[in-house]
Structures are given as structure tokens and as C-alpha cells.
Ligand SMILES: Cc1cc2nc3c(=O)[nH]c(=O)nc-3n(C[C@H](O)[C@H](O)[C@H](O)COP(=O)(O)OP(=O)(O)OC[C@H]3O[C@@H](n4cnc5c(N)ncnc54)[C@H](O)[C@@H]3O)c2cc1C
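This document opens with one chain alone, in C-alpha cells, the form predicted on its own.
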Amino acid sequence: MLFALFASVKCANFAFEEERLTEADVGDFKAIAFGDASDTYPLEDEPDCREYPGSDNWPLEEEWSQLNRSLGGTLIQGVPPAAVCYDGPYKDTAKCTFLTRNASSSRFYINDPVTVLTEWPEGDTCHATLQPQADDNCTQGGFPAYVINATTVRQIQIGVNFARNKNLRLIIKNTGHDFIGRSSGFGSLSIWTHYLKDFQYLPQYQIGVYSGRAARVGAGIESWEMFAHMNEHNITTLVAGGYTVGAFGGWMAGGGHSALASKYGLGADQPLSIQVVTADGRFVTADPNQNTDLFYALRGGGGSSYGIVTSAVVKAHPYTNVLATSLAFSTGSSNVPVDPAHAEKFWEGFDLYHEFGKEIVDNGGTACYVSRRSGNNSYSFTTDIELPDVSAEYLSNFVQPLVDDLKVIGLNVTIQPPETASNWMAGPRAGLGDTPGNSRFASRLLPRANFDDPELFKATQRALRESVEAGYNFHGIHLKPTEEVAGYPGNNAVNPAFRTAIMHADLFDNAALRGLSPMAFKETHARLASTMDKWRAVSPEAGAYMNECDLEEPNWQQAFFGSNYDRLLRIKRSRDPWGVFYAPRTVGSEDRVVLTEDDMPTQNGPLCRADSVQGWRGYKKTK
């Protein structure tokens, strides 16, 4: 017994978590002193805005140098990577050529300290191009001014304390899979957790009523990297799939769906213990027995809100294989005019598939599909139907009734034999190839009731159909992450809409956003929002997935957090009375606003109190 206790203490934290900030380290450098929640003042007494380059109280160069020394030299100037493509001190034609021609076969952007993979929320102020146009330039925009390459808890604590004490905007970046600007911020200090990749298999872990296998995971591990650990230890842990998405950062904090959502729940359902640096700079453990408010909020209550997670202990399930079979049908070639009668058969097949979706999730499966319109009003539908722990024969027999029904109505169905699901393996890319894009989309968590009630089903299908007919790409994921399959420890902040949903539906805007005037940008969004309103009308009590969403989602508090919002707001204001942690459309973010010169919904402007416009006076962005 004594040895077991000693062993559990020995594996309590990773080595990088044992290196922590102390009062002695602070010394005379009061800018990195710990916070005291009892020594705060009301929001209306705070400065109007966070400091930014050129503002009166922006830290002096010597202060940044002293910060860098305290960090051990890990402070990085936040230079936009595409600055090498423009006239100026960073211009380098060879590097620009690499970005435009070869970065897509490398890990350059994933390993870059400032890149986020969706550009418009940053302001799209510096994109890679070999031939800049006359009106093209490269400015700092929403890229952070400085980045801390955090490899120890001590460095994270120093960064949090410096930002809080110097009234700086603080952002958190892991892999950069960010669709709406939560890892961007004009004039910000960024804490980069990308290299916190430690892993430890725990063959026996006990907390509360849980007793079984687990894994201690660093916050920077990418989803594809976890498959090697799973294979080595014959376990399954929930991750986003074979992608470079960080498995234990914002994906987990926002909910986190996967191919195993109907079998084991969401990413937020997996942690048994979480290590986190809080807004006062302290390093604490949150689990069912201590800091229970944080433990609740960090599991589904949104990222960049309550602290910076450094590691977690997550459930390790039995090794689970996922098989998938691909199925497709269409109205024919996009080059040939479509017979209206054949188009109606397509939509009849669309309805049959969504009826079958209930069978998929009720059998512990998921499905991922895309429906789109192409030329001549031609429509296509492609899906991967995924089931865990079944044979190829079982999966083939499972989907055959759907195939038969589609053929009966006259559709030409293409089906591929079952194989290991492409989104539940490390994959041949091995973490290579992610490059920034400029997509914008909206989402909805559609409840089972929308597919059980005949009249509501008709209304739902009509709303989805009209979206595709309007030219948008519709991406649907069938899943059923109920509290029952989520299991212990339960009682987390996951959007309640997830628990009753059987479809996470995305609608992608195909508009080319780069170069649009503010008016045109807003007009394209208005069209998307109008189409999404049809989805909202048929699911008024539902919600949306905060990690894949419309930045301008109406009534976002209800849509992203549901009935959990009030509780989460109390936790946020208790744990972070300074508002150190801010990201758009997260808990408490309504207290602040980003002031942009062009009134665009980006992070390219000072972060100010929502009840004050004083910060706008005299504001001049540094180029």
C-alpha cells in the first residue's frame, strides 16, 4: 500500500509542471507578481482598453527584455510568417516561394508561433503571395506582438502574471485550429502551448468511483500523435481523429466530437483530472475532489476562459477499431442539364438517409457527409458511415437496407467496401500539410425530435434542402453523445444541446472573402445568416457547437452554453475578476469589445470595455 501511494505521488505531474514560479523568482520584478482576487476593482474602474503598441502604458523595451530573461529566453517577436513576401526588413523571396509552393507538404504552419489556420478573423492582414498587388501590404493586424514558447508551467505563470499586471491582452494558442479568432488579438501577448507533448500511460488510476486505465496527456499533443500511444498501450483515448487538432486544448474545452462520440461521449467527457494555471498565476489541480468549479467549467465550458490547461488525466478505453463504408449518390454530371424529376429523387434519397441516421447513432456509430450543388443544378451526396468494434461483414449488412431503399427509388448508388475509418487513424499525412484558409460557416446541433416527429422532420429537411439549393455546402455529422455513454465523472459544462442532438450540422459559405469591402463582407454574412435562420426556426431550443460556429451567432450565450451559462459566468467572474482570459464568444466576453477601424468582426483592434468608448479616442494602429 505504501509503495502504491508513493508511486501515485511520483507520477502526479510531468517534469515540465514541476518547474514553477515562486515568490523568490518574482523578486523585484513586480510585473510578474502573483494576483490577489481580493485586491481588484470594479470593471468600470479599469482602464478603457488593454494596452497595445503605441498606447501610453505599453511596456518599454527594457521591460520586454526583463520578461524574456525571466522566461529563460523563450519570448518570440510575433512576426507574420508571410512578411517575407513583402517589401520591408523581413523580405525573403526564397522563403516566400516556400510558403506558396511547398508549405502544404510540411509542418511549417502548425509549428509557427503565430499562425492561425483561418485568416479573416485575424484581419487577413498579411497573406502569402509571390505577386503582391498594388493595394496589398503586410501589417501586424491581429497577430500577437509577442509569443511565449511555453515549455514549463513557470513560463506560463510568468506570462499570465505579466499580462494581468501590465494590462495586456492575453491569448492562448496551441495548434492554431481556430475558426473565429480566439487565438488572435491585436497587440496581444500569446502563450503558445504547442510543445507540451508529454505522455504517460497509467495502467491503474483511481479517483471517485473510477478505477481503471488512464493516460496523463500534455496539452500540446495533436490528435494524430495520440494514435501511436494508443497502439503501443492497446488503449483508446478520445481525440479529434487523425488530424493536427490539439486533442487536449480548445477541442476538449469546447466539447470535442469524434468518430466515437456515440460510444464514449465527447472529448470533454474524458478528463478525470486537469492541471491548470489560473488567472492569478497559480498552478492548481481540478478534479472531482478539489477546485470542482474549475473542473466543471474546463470540461465543455469553452477554451481561453478560466485558465491555461497544461495537462490532463483522461480515461483510457479498451482498444476500439472503427470501420467505415463510403456511400454516394448524385443527380448526374454537372455538365448535363438535370431532369427535375431526377432532382426530386435525389432529395427523396436525402430524406431516406436522414431517417437512417437514427439507426447509425443507435448502434453506437457516427457518420460524416457532405451535400453540395454544382453546375446545372446538379446535386451530390457523399457519406462515410462508421461503426466501432464490428466486422466488415456486419457493417456491410448494416448499411444494405439503406442501399436497397435508395436503389428502389431509382438512384444510382456507389458504395465502397468497409475499411478502417480514415478519420480514426494517424493517416498517411503524419501531421503534414495544414495551410491557412479563409472559410466561414455556421452550425446547429439538431435534436432527435427533429427526426422523430413526422411534421418536424419535413420542416427540417426542407430547411436543409433549401440551404443546399442556395449554393451552400452542407456538412453533417451524425452522433449521439448522451450522458449515458459519457459516463463518469459527468456533471460537466458541455452544451446541453449536445445531449439531445443526433446531428451536428455545418453550413459553409463559399464566398471568397479576401479583398471584400466591409459592406460586401457583411452582405455575404447576412445571406448566410438568413439561411441559417431557417435551421434555427425548426430547432428553437437547440444550440450550436462553439468550436465550429458563426462568430455572429445570435443569442450566442444560449446557443453555445444553454442553461449552463449563468453558472459558468459566476465561475468566470469568481476565478478571473480581472478578465485576463478573453476570447470572442466565450463566457464573459460580452464585457469587452474589439474596436476595429473598419467595423469588421475581426480581432484587428484594441480590446476595450464594452461600456466605454474612451479607448477609441486618439487610437492609431501601428503599422
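One rule holds for the numbers: they count along the sequence shown, beginning at 1. Computed from a prediction, not measured in an experiment: that's the story for all the values here. Throughout, rigid core stands for the largest set of C-alpha atoms superposing within 1.5 Å between the two forms.
Keep in mind that the form predicted together with the ligand is missing from the display, and what follows is about it.
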request  = Kindly indicate whether 450, 460 and 542 are, all three, within 4.5 angstroms of the ligand in the predicted complex, using heavy atoms.
outcome  = no
key: is_contact(residue 548, the ligand) in the predicted complex, heavy atom dist at most 4.5 Å   = yes
ask   = Looking at the partner-bound form in the predicted complex, is residue 265 within 4.5 Å of the ligand by any heavy atom?
value = no
key: 4.5 Å heavy atom contact, residue 309 to the ligand in the predicted complex   = yes
ask   = With a 4.5 Å heavy atom cut-off, would you call residue 424 a contact of the ligand in the predicted complex?
value = no
inquiry  = Looking at heavy atoms inside 4.5 Å, which stretch does the ligand contact in the predicted complex, given the options 138-146, 406-414, 450-458, 234-242?
reply    = 234-242
remark   = the ligand in the predicted complex has a heavy atom of only one listed residue within 4.5 Å, and of 303, 349, 123, 81 that residue is 303
note = As a check of understanding, the residue in 251, 295, 379, 535 with any heavy atom within 4.5 Å of the ligand in the predicted complex should be identified as 251
message = Using a 4.5 Å heavy atom cutoff, which residues in 109-124 contact the ligand in the predicted complex? It's fine if the answer is none.
response = 117
key: Shift of residue 380 between the shown form and the other one at or above 2 Å (CA, core fit)   = no
key: Rigid core fit then residue 105 CA moved by 2 Å or more between the shown form and the other one   = yes
note = Assert for residue 144-residue 434 (C-alpha, 3 Å or more) in the predicted complex vs reference form: pair farther
message = Since the Cα-Cα distance for residue 106 and residue 126 shifts by 3 angstroms or more in the predicted complex, is it a contraction (closer) or an expansion (farther)?
response = closer
